[in-house]
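Below, in structure tokens: the form predicted alone, a single chain.
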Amino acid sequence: MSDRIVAQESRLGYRLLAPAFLVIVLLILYPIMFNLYLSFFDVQLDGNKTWVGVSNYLKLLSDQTFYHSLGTTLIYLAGTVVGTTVLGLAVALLLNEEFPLRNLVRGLVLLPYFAPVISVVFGWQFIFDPVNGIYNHVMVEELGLMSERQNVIGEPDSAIWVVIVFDVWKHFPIAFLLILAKLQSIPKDQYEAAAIDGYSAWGRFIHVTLPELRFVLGTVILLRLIWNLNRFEDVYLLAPNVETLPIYIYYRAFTGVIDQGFAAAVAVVQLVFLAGLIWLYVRKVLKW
């Protein structure tokens, strides 16, 4: 192939990639750079901006509400990632066994993930409604575990746990699918060899299943950390008083005492956390 043909093919490749590159620049790189730019300004509602340098970042270091939001985010991440992974693993192990209508059950397990967020959020709000909710009826009148009805979602300290349980219920099917796919690829002779060596069912799980699932479990954990650090709609719709970092940024940028420069600085800090997780995923999972 002549150098002229190679050059023509190279130019064609660049032209074909140009639309995708333009979309990436407009929808990803530009918003990131503009947000970084705003973080060094005091942004007024009328659009005027005053250069303040790193003042927004210094203000961030002394803002107790930010630290509270960061702590809430860490609790949310720990609860949802551990819950999603453990529940996904348990359901995958259960549905990997042979039983009647197994494929139907596998399909039903996926329903929470595909259900529209707004509809299931309303359902969960009804469950925990302090007046007519099923939760208060069962806990107070049926089981007698509480002396009076409580507004569980209305109190941030209890709402965070509702949000965690909701996220685990809604998103564990992704972990279930990834883990189940790997379980089905594990050779049966490994389990047979372990049984011959005298390992019990628990021993086979520890010495055969878990080592085979290590890569998949790492992938699930890292992806859930990345996704949930950015999670906004589920938390905001169900319990807007649970101020994870995305909710905190939204409130500071668009409600109350609006401070978009400060909100941009918080978003940059969140971006640094996300970049670290993405780097870890690329190096350890994708092996790039």
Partner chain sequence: MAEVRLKQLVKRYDKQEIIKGIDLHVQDGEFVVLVGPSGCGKSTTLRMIAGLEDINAGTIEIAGRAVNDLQPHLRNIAMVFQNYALYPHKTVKDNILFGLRKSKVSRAVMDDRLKQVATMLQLEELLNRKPADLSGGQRQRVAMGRALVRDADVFLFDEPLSNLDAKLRHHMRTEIARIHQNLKTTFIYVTHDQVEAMTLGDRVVVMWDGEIEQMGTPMDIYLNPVNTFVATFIGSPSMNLIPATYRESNGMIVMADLELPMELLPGVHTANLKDKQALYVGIRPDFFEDVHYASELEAYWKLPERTIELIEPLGFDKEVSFSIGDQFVKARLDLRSDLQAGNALGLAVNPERILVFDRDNGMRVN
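Since the structure is predicted, the reported quantities are computational estimates derived from the model, not experimental observations. Numbering follows the first chain given and starts at 1.
Beyond what is shown, the protein has a form predicted in complex with the partner chain; the following relates to that form.
Against the partner chain in the predicted bound form, the set A195, S200 and P211 is in full contact: each member has a heavy atom within 4.5 Å. Of the heavy atoms in D189, some are within 4.5 Å of the partner chain in the predicted bound form. Within this chain, R204 lines the site of the partner chain in the predicted bound form, having a heavy atom no more than 4.5 Å away. Of the candidate stretches 120 to 128, 97 to 105, 211 to 219, 133 to 141, only 211 to 219 has residues whose heavy atoms lie within 4.5 Å of the partner chain in the predicted bound form.
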